[in-house]
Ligand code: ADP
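Before any questions on binding or motion, here is one chain by itself as structure tokens, the form predicted alone.
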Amino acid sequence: MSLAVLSVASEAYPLIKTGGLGDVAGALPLALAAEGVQMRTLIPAYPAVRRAAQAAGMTVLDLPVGVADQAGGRGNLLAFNAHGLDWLALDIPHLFDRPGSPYLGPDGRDWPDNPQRFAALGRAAAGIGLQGVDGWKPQIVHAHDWQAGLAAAYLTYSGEPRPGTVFTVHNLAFAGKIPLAQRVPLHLPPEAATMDGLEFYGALSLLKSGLQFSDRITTVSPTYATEICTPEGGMGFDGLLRARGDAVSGVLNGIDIQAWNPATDPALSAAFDAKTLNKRAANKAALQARLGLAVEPNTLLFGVVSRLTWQKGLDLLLEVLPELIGMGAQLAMLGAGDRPLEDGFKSEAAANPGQIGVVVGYDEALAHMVQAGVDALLVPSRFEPCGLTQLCALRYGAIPVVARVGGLADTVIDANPAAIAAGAATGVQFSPITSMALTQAMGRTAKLYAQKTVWAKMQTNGLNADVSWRGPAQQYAALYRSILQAA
């Protein structure tokens, strides 16, 4: 039996992407099609999205009832198919027709009207859920992160029979907090400003809307689902999440194994797979040359593909770079984020030519080159809901060196003696999340690198691991159907 689901997100690859949320929102619909789920994806019509809609021969539809008032009476829905996906774009030009980041203005700060922008997204999702659109009505509305969080509140406060709801937390650290006074212009009832509504420490939280009112809450890994129910990991929401009980679960992310396929990747100097690992050396040489590193095939090359932030633990890596240099290793880094970290790593690269190479920014092709060229990928995150970079590393024969948190703990099998003896190890885990533990993990990685047979086995294990969306899609399809059965 086919199941109709509306996915609601502020970004979705390949039309618009700033991070893992975009990857997930873009990949999940394709994987769910094999499970009998017909998914349409609702996103804002940013300039790039509108261009894609026009190129695809879009159909212009009226906004759902109620959304036009919230949008100042100006806007439409654009329905189109692109990249094998069915899209609905919320075309409200005065809210979304802006260049650059979906969330940040030219000054690097949040757009001041972000509450209105993403309330309109939630209101549109609720309208589609209640009224349908173009002869199609979803049985489930699946919203992602705080930007889509208000969909659940609008559906609940409508008082009408509503579709089932799922809310996926990609990162609990972003609560989507807005002043209580925003309640009235966002068309939320008085009860929204209470503890049983959206009130959160004297403000309103768009994220709390999803946590409070959705039938089921998922996170992007089982371990993260456990962590966010604790005071240490709950970001102030742990009490609510514990109260939701069995409604909270974790479904591990996957990656697009067609886009991330070392056997066919056009960004690589040499294609390879688990049976032709020897060809991988050409990619290491190409990466070393690209980043100005000494082209030395036997030198341990660490890599980073990440946002440069405190959450990602990159300040710890900056702190221990003398130890990395002292062990004779190299570092290839691609990322952007906090200015002090960017400047710190660029300074270290200038001081250590041939040993540290840094590219600040993001380059999709270079990200593929890093995964295919480094020997080990460093992911020292303080918390990590899932993480996709370590999944890409496994797929490309790079050994993940990860903090034992969230999805990193769920996806990497530590190379302890038992796992090595069983032939199951895929990477290196470390805990606690300190500079000393990171240094020890790098040292342990160097010792494993010297054991060529063990290292090759770990690479092969990673290349053979199932990091696709097949299993997660099955879990989501089962979750949707369980909601409908319980209704």
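A quick note: this is a predicted structure, and the numbers were derived from the prediction, not measured. Position 1 is the first residue in the sequence shown; the rest follow in order.
Below, we turn to the form predicted together with ligand ADP, even though it does not appear here.
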Ligand ADP in the predicted bound form: contacting segment from 331-339, 275-283, 95-103, 243-251, heavy atom within 4.5 Å
331-339
Are all three residues Trp260, Arg307 and Tyr362 in contact with ligand ADP in the predicted bound form, where contact means a non-hydrogen atom within 4.5 Å?
yes
Partner-contacting position among Leu130, Ala367, Val133, Ile178 - heavy atom within 4.5 Å of ligand ADP in the predicted bound form
Ala367
Students should find that, of Lys312, Lys208, His144, Arg123, the residue having a non-hydrogen atom no more than 4.5 angstroms from ligand ADP in the predicted bound form is Lys312
Even though the partner isn't displayed, in the predicted bound form is Leu388 close enough to ligand ADP, meaning a heavy atom within 4.5 Å?
yes
Can any non-hydrogen atom of Pro472 be found within 4.5 angstroms of ligand ADP in the predicted bound form?
no
My question is simply whether Pro14 lines the interface with ligand ADP in the predicted bound form - judged by any non-hydrogen atom within 4.5 Å.
no
When ligand ADP is considered in the predicted bound form, the residues of 22-38 having a heavy atom within 4.5 Å of it are Asp23
